[in-house]
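Below sits a lone chain in structure tokens, taken as the form predicted alone.
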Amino acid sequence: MKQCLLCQKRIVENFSFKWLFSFQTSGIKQVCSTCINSFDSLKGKAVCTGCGRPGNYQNYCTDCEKWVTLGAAELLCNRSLYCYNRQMKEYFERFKFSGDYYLRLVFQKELEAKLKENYHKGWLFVPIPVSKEVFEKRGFNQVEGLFENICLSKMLSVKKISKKQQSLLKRRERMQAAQPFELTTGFEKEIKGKNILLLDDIYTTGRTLYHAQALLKKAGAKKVHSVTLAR
């Protein structure tokens, strides 16, 4: 038996007689049903086609309409697995800020399945980076942890003049923040004409992802979309 990564209770799984002779891997769960059901899944729900915000929109949500007004090269067509509810907030507090790195395993399989299902061919997977200061303090990049089994193209880096930690910024400060990223040396030729999928943990205002998109489009990327764990 296995323990739930979130509540530490034992996970009991019932394997069928048919499965015992199927020679298939078990796909043993990392999280118990009670814990995983406390998260608000976006699967099957109506969402904004521009950012993945849940709801029924005739065109785009107000946030995406603002990005169009602000001159975004294209909308990110962001897709997320879950809403950012209280349980997700607590998850990130433990994972990102308390340093419980093993919690990266909770959603890994779902994120991998999402990429394989919808972005399996012709896409480069680019994680949003963290600054040197954040990495030294935290000890890891949470985005790379969530997608550690995916082949990542680390073509973005944070400028040395530095990006203030996004979780510490208010909404207006995020929207007005200057471009925090630069291209990693050696990736210039790899970007031209490519479809790029940005990977991040949370879509809040979209400011971080649109900064990354602007830089990659300027470098010649064909499409730049995004996938995040939470919205």
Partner chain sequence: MLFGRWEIARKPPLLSSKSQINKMISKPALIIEKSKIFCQRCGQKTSKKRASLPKEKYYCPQCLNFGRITSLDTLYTISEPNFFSVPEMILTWLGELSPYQQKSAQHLMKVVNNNETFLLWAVTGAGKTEILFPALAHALEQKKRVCIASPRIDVCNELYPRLKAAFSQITITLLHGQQKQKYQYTQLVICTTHQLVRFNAAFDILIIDEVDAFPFRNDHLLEFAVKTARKRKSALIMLTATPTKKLLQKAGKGVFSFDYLPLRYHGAPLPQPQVFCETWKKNIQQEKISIRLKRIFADWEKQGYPFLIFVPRINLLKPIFRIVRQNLKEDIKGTTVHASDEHRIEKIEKMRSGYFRYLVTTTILERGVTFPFLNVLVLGADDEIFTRAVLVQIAGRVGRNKKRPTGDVFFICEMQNKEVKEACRQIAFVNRKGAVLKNETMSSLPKKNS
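Positions refer to the first chain, counted from 1. Computed from a predicted structure; not experimentally measured.
What comes next is about the form predicted in complex with its partner chain, which is not displayed.
Partner contacts here mean any heavy atom within 4.5 Å of its partner chain in the model of the complex, and among 132-140, 84-92, 70-78, 109-117 they occur only in 132-140. Taking the partner from elsewhere, residue 98 is found to have a heavy atom lying within 4.5 Å of its partner chain in the model of the complex. Not displayed here, its partner chain is approached by residue 102 to within 4.5 Å at the level of heavy atoms in the model of the complex.
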